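Here you get one chain, nothing else, as structure tokens; it is the form predicted alone.
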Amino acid sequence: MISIQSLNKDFGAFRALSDINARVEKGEVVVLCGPSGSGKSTLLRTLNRLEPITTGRIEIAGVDVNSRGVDINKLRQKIGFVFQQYNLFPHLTALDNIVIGLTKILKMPRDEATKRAMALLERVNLTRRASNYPAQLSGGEQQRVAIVRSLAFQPEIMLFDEPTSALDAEMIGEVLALMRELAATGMTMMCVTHEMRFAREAADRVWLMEKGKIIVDTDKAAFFNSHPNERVQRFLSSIN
């Protein structure tokens, strides 16, 4: 589903990503972890060209993301992206935050878009909050709206960039439960997170990043059960 080949990303003289080669198969859940500044979020943002790359190649379902001829807006409809800070439109209700993309981008009739949006809000137990504005929602509720807003486009891939880092403990549980449910449906997912309980429960593989490189790419059992790499042991010790 995702192929990354010899990827480099520079910000001026600083190399944020260095010679990354990796694959994500259809239906896999991959968790990206590592210290702050290791390149996790930058890597995620290159996958739908929110960040242009310097050299290398990224393919999504066989499509070269950085090809001149690619319709990036059409490609992005296949790639749901959930941000740390929700990014909801503050002047729109929870319902309209979902409907607007369906009507403006997919050109879906309003009644059809509303029906799809309400079904998604019901899925995350937020139908009673459909007419509320983001400022009237808790952080966990806002993030759940942001997730189903992406799901409304019926994407093939979901990317999560530290989706729980701005939430308190109770709200984190709400969002992780939804993410676990998505993982169980066979959705291809990549998630930057420090929530190792999600990695333990839902991930297929874990990538440990450091200084712009993937230094460990392994299945979750090997990662959490006495992995021989000293850097993995130090990382797990620090978060525990």
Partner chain sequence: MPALDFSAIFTEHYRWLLITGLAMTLLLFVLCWVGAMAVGILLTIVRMVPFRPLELLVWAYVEYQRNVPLLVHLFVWYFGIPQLLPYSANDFINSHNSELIFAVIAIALYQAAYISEDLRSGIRTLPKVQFEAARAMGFTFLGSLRWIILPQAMRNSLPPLVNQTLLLFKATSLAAVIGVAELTYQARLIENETYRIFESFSVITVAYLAGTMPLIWLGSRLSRNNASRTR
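A quick note: this is a predicted structure, and the numbers were derived from the prediction, not measured. Residue numbers count along the first chain shown, from 1.
The same protein has a further form, the form predicted in complex with the partner chain, not shown here; the description that follows concerns it.
Checked against the partner chain in the predicted complex, the candidates Ala113, Ile147, Leu120, Ile79 yield a single residue with a heavy atom inside 4.5 Å, and that residue is Ile79. Note on contacts: among Arg45, Lys213, His194, Arg57, the single residue with a heavy atom within 4.5 Å of the partner chain in the predicted complex is Arg45. Using a 4.5 angstroms limit between non-hydrogen atoms, Asn97 touches the partner chain in the predicted complex.
The partner chain in the predicted complex is not approached by Leu176, whose heavy atoms all lie more than 4.5 angstroms from it.
Of the heavy atoms in Asn87, some are within 4.5 Å of the partner chain in the predicted complex. The partner chain in the predicted complex is not approached by Pro155, whose heavy atoms all lie more than 4.5 angstroms from it. Here the chain stands alone, but in the predicted complex its contact with the partner chain, taken as any heavy atom within 4.5 Å, falls in 47-55 among 204-212, 32-40, 47-55, 186-194.
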